[in-house]
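Quick heads-up: it's one chain on its own, the form predicted on its own, in structure tokens.
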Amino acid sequence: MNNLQLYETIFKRKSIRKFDMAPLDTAVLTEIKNYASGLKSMDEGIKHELVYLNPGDVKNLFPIKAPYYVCCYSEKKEGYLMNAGFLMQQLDLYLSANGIGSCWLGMAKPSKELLERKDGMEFVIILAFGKANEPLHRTDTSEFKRKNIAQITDLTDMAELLEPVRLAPSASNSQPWYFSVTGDEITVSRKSLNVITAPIFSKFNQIDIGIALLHLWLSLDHQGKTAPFETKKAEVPKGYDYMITVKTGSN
């Protein structure tokens, strides 16, 4: 699976909520796990591990039943939630590109016996997957319910680069991201939370930013540019919090 295939999948990917509970072919499941073992990290210094679970190993507050679940455990370091989103969205796109449905489960957890920290890492998020029992892909980008470009950046010439980012999934479709550009740097920020929204979205919106960053990385790669990440002080719009800076340059 190459970056172009992942990039093209962005424009038709959808969350699957109805799954065929029939097992996947053993060879297909092996291919999924092999791909997942080589996911690109935003920060290679953050240790992580993916753990595959059966339906009986998962507590889910929403009635979404799937034959397979993969949960991400991560070392708790600066940026680890963004890194988890960046990692897992690669797998989400890979599954969709290969005819397999998937869905982020923010309100699901491993059973109590499996929830304990794994080798010093903490549980972050679960992705459900399996054969879709509904249409796997969108037929047109108009089917996405997303903010328009002007709502996520103040630069009118960013539409081509940010269109794949605009389509990224997020918790409760909150779409918390904003992108500011100065020279060859893209400053990424997220909408500030208040006392009501913070308990719900403080964690998930950081994962969301990681998902959006994966789409941005693929979009930059599609344009023949690199996308290293760095953390530094930068001004962001009022009502937003700084998250990360993306340097852009030619490959």
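Don't overthink the numbering: it's just position in the shown sequence, from 1. Quick caveat: nothing in here was measured; it's all calculated off a predicted structure.
What follows is about the form predicted together with a small molecule, which we do not show.
Relative to the small molecule in the predicted bound form, residues C103, I125 and S170 are all within 4.5 Å by at least one heavy atom.
Contact with the small molecule in the predicted bound form, judged as any non-hydrogen atom within 4.5 angstroms, is confined among 190-198, 57-65, 218-226, 40-48 to 57-65. Using a 4.5 angstroms limit between non-hydrogen atoms, R17 touches the small molecule in the predicted bound form. Within 4.5 Å of any heavy atom of the small molecule in the predicted bound form lies no heavy atom of L213. Though the partner is left out of this view, I207 does reach within 4.5 Å of the small molecule in the predicted bound form, counting heavy atoms only. Although the partner is absent here, K76 is not a contact residue: none of its heavy atoms lies within 4.5 angstroms of the small molecule in the predicted bound form. For the options R146, K109, K118, H137, the residue carrying a heavy atom within 4.5 angstroms of the small molecule in the predicted bound form is R146.
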